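So this first bit is one chain, no partners, the form predicted on its own, shown in structure tokens.
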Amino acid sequence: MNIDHWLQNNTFHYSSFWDFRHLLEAKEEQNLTISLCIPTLNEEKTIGKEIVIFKSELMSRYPLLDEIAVIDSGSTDNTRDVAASFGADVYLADNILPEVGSKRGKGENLWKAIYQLKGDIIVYVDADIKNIHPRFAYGLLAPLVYRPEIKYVKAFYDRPLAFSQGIRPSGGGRVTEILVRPLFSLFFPELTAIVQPLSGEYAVRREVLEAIPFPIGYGVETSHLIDVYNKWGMEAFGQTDLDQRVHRNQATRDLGKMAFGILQTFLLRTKALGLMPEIPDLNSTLRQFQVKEGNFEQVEYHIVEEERPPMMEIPAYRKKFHPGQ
């Protein structure tokens, strides 16, 4: 397809959706339910403000959201208590679908949320956003309400990097520009139209979420884009400009671990799709170096991008959401 045409027709700015009354009418006409999911791990400093803002504006004032839920990975701080005190539904990921066991990773939380939450649309928003605003939810759900053919809406924004002299006007998205965008350019050129493929904010129809697998770790967003593209094409995607997102920036060493996990997922996806069928078994050890007392020493990380199957393959899910099938 023509990328310029897609960018013109499927890229939005959150300010276009300022009319909450009209958005609410469109939601109610379609009898849609919408859930907000905030995956957490030790986010006591920011989670309360997020819940207050979303609940006051998008539940109490304009009931665009039918539930606000925190899916927690096992925080050791007060994240769950804070979230509950401000009115969110709080779930521990380990307690959801206990029969399938527990794994560690953000993707695990996102996957289990599909079972736990009731919405026809699920909006995922990260818990560490310092400049949180209702646009992080309504800017993503609105294209799904207004455009039935769109199935998956990604956020993009300016991501400032904090320095000692203040905040630089642009930057961030380092793994995207160094790894993911070059890989998409080589193998899936149309996906390069997604401005920020690794953004943690997106809204998705249940019919999509239940049909695709979920890597439990760093590769979940990349995997989603490839699988949705393969099943439904670029026409299924939308993206919304949310202007700016201020959050905690990661060290280069941590970005290396993220890139290692994403690359594993990407290679396994290309193998499954027959694009590179001869890929051998992948090594799961990442080696980095650090200097300690004047000496270089090696640090090893064991990173395996395990994957959860499509939720539709889980009997308890089919019984809950598709009885009789």
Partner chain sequence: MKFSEIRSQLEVYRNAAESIREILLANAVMIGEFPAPTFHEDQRVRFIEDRFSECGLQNCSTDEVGNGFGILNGEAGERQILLIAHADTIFSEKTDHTISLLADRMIGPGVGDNSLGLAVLASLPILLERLDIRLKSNVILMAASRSLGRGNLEGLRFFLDNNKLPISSALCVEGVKLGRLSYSSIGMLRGEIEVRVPEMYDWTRFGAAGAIITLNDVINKINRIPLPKRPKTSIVLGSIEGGASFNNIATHSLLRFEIRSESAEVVHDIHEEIRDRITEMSLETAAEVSLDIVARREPGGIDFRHPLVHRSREILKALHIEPRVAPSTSELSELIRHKIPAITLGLTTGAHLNHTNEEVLIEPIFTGIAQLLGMLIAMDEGLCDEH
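What you see is a predicted model; the values in this text were computed from it and never measured. Residue numbers count along the first chain shown, from 1.
The form predicted together with its partner chain exists for this protein as well; it is not shown, and the discussion that follows is about that form.
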Please run the contact check for residue 60 against its partner chain in the predicted bound form: heavy atoms, 4.5 angstroms, yes or no? yes
Report whether the minimum heavy atom distance between residue 21 and its partner chain in the predicted bound form is within 4.5 Å. yes
At the 4.5 Å heavy atom threshold, is residue 208 in contact with its partner chain in the predicted bound form? no
Would residue 134 count as touching its partner chain in the predicted bound form under a 4.5 Å heavy atom rule? yes
Hey, with its partner chain in the predicted bound form, do 64, 118 and 151 all fall inside the 4.5 Å heavy atom range? no
Listed range touching its partner chain, judged in the predicted bound form by heavy atoms within 4.5 Å, from 294-302, 268-276, 30-38, 44-52: 44-52
Could you tell me which one of 188, 86, 156, 232 places a heavy atom within 4.5 Å of its partner chain in the predicted bound form? 86
From the list 104, 147, 253, 130, which entry has a heavy atom within 4.5 Å of its partner chain in the predicted bound form? 130
Heavy atom within 4.5 Å of its partner chain in the predicted bound form - qualifying residues of 203-236: none
